[in-house]
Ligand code: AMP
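Listed next as structure tokens is one chain, alone, in the form predicted on its own.
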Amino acid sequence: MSQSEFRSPKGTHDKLPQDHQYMTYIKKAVRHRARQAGFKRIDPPMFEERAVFERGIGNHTDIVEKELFSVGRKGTEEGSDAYALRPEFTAGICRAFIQHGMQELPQPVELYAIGSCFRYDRPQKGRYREFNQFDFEVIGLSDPSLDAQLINVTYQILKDLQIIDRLTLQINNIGTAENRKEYVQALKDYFIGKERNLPELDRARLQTNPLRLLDSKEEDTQILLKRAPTLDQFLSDESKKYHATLLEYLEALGIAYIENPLLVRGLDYYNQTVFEYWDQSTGAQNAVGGGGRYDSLIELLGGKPTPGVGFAGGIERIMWHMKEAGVAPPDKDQVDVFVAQLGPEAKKKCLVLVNELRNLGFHTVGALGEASLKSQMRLADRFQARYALLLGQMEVKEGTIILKDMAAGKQKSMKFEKALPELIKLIGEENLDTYAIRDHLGEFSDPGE
């Protein structure tokens, strides 16, 4: 174990090679479904003007109040928190939509993103200060069929990753801003004289963001809410019809759901549809992601009134579920061939041989140091190489090479020029890791991706 005094910062974690096997697999599933559905990749910056998140997410949300990761702007008077690292993608993507005139594109505009997000609040199990998300946004039109299509894309991804059976789709309709305004007032009226029975955090929420009481984890709050007015009592007929139509579409798609009248999501910009994927056993505690409709967000950020609906999935949470379910991504980093050599002439030939093997698509490691053949073969075992090629001074003179099957422990000598055709036959041409860049079409083709 390293004795270095330095460690990764609190709330962060190193993404080690074994983690990347999962992350790569998840990203491939996301990209595959995104391409199928016509989504285009976008990468907004990792930091924005702090006001983008304050205005878009809401000043009285947990994210802005205690989780926004502020960063300074050198040499200006704005102070140390003029910028903030992105806590989520939606606000930045909507800012980009306005800035780059995407309202002139065919509507709706379908965008997706994959990358790191940051929240400063106290780290805990399953919650990091730096974490990874994938994000889908459908901007430009408001229709329950778009909500259904977005939910279906996310459902198919979680199904591809073999964890959908561990999750439940929780869904609700929180109405329009006007519906919620009436409900919030009714909620405040209900709690008059009951504030002292609320935990401290929820007392503060009652004043700043009463809807957050609905998804409070505090038992005392939940007991009081049993007699409180409910949001669905204040929904307009239009909102009820929108929700009923969405549920019909989900049923047509064969997507199971649970209607959850207490689901509100923690961000101010949502309206109408909200949904989350919860852990079947622990509920929201291990939710893998969620989203909803945000028809007023772009206008809040300075654009023209433009509806939208989005989803964000947590990659670390998904990885955890995959591991718990025993879902192992294919290991594409396995070593096919280990090349061992002894002597200066053998080293020169092996240097060229390693290059040829890699260009043919073999995952190849070459031991080109000064170690003995015995120690090189121990290294081949540690790499769990499938085959080894051994080239010593005698083989160089005779124009031969030794091919060893590492699992079987058997080896044979053959002419040097026959080694590559033999390995292709053993590994299988269809299993070689090859790619081609077609310059004339500007295409990149990679069967391994």
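Start at 1 with the first residue shown and count on from there. If you're wondering where the values come from, they're calculated on a predicted model, not measured in any experiment.
This next part talks about the form predicted together with this ligand, which is not shown.
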Can you tell me which of 226-234, 253-261, 145-153, 288-296 lies within 4.5 Å of this ligand in the predicted bound form, counting heavy atoms only? 288-296
Which pick from 210, 308, 314, 175 sits with a heavy atom within 4.5 Å of this ligand in the predicted bound form? 314
Which pick from 127, 205, 363, 347 sits with a heavy atom within 4.5 Å of this ligand in the predicted bound form? 127
Using the partner position in the predicted bound form, report whether residue 133 sits within 4.5 Å of this ligand, counting heavy atoms only. yes
With the partner left out of view, is residue 95 within 4.5 angstroms of this ligand in the predicted bound form by any non-hydrogen atom? no
Examine residue 180 and determine whether its closest non-hydrogen atom to this ligand in the predicted bound form is within 4.5 angstroms. no
Counting only non-hydrogen atoms and a 4.5 angstroms cut-off, does residue 265 reach this ligand in the predicted bound form? yes
